[in-house]
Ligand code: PGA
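Just one chain follows, in the form predicted alone, and it is written as structure tokens.
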């Protein structure tokens, strides 16, 4: 089964709604799914209560800080996430690069800290270029650091490829473009590559059938339990 990652972003606004959404997702999930391949990245505030009802999915944090403890007001450390029982954490999402001004140096530190704590980072990398050759230049710069980590740590890393022109646009990237970009990423670092960018139940199969794509990162469509479960069913067949 390929990976299906739900990124709820800053949704929903109430714990009761978050619990209801996760319960509905689990209710609609088909049999034969692998918990470690279905991942829900929920807001920090909801992770602890959701951990008590997450039976068929793994939970992920949407961000992490690079220090394990200390005087860093408002931050969440990898150790906190690990002691909560989490395995996955998203790092370097395009929205954090844009709105929180996270540069590659900061993102690299977060990846290193997450790996040191035994977590599995889902490292988001993006491109503004619509040709694979031009996109590869951008991808090399973002992957240079992780391409040099040890094989043992590399085995815990996932890459989420997000073309910036597709995110939130309602116009997902061309599947052939995604497949070729994923192949280029594999040449830089041989780890699973997911695609993210306006993925829904109507488009997911076009990406999941690509051999170089190991799964999908689902944004707004993951807030609908039936749609998310439909994407999971597609991933089961891929």
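Residue numbers count along the first chain shown, from 1. Fair warning: this is a prediction, and the values are worked out from it, not measured in the lab.
One more form of this protein should be noted, the form predicted together with the named molecule, which is absent from this view; the next part is about it.
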I need the one stretch from 56-64, 23-31, 198-206, 182-190 whose residues put non-hydrogen atoms within 4.5 angstroms of the named molecule in the model of the complex.
198-206
Heavy atom distance at most 4.5 Å to the named molecule in the model of the complex, all of 9, 166 and 218:
yes
Going by heavy atom distances of 4.5 angstroms or less, which of 112, 79, 95, 138 would be at the interface with the named molecule in the model of the complex?
95
Residue-level question: is residue 102 within 4.5 Å of the named molecule in the model of the complex, judged on heavy atoms?
no
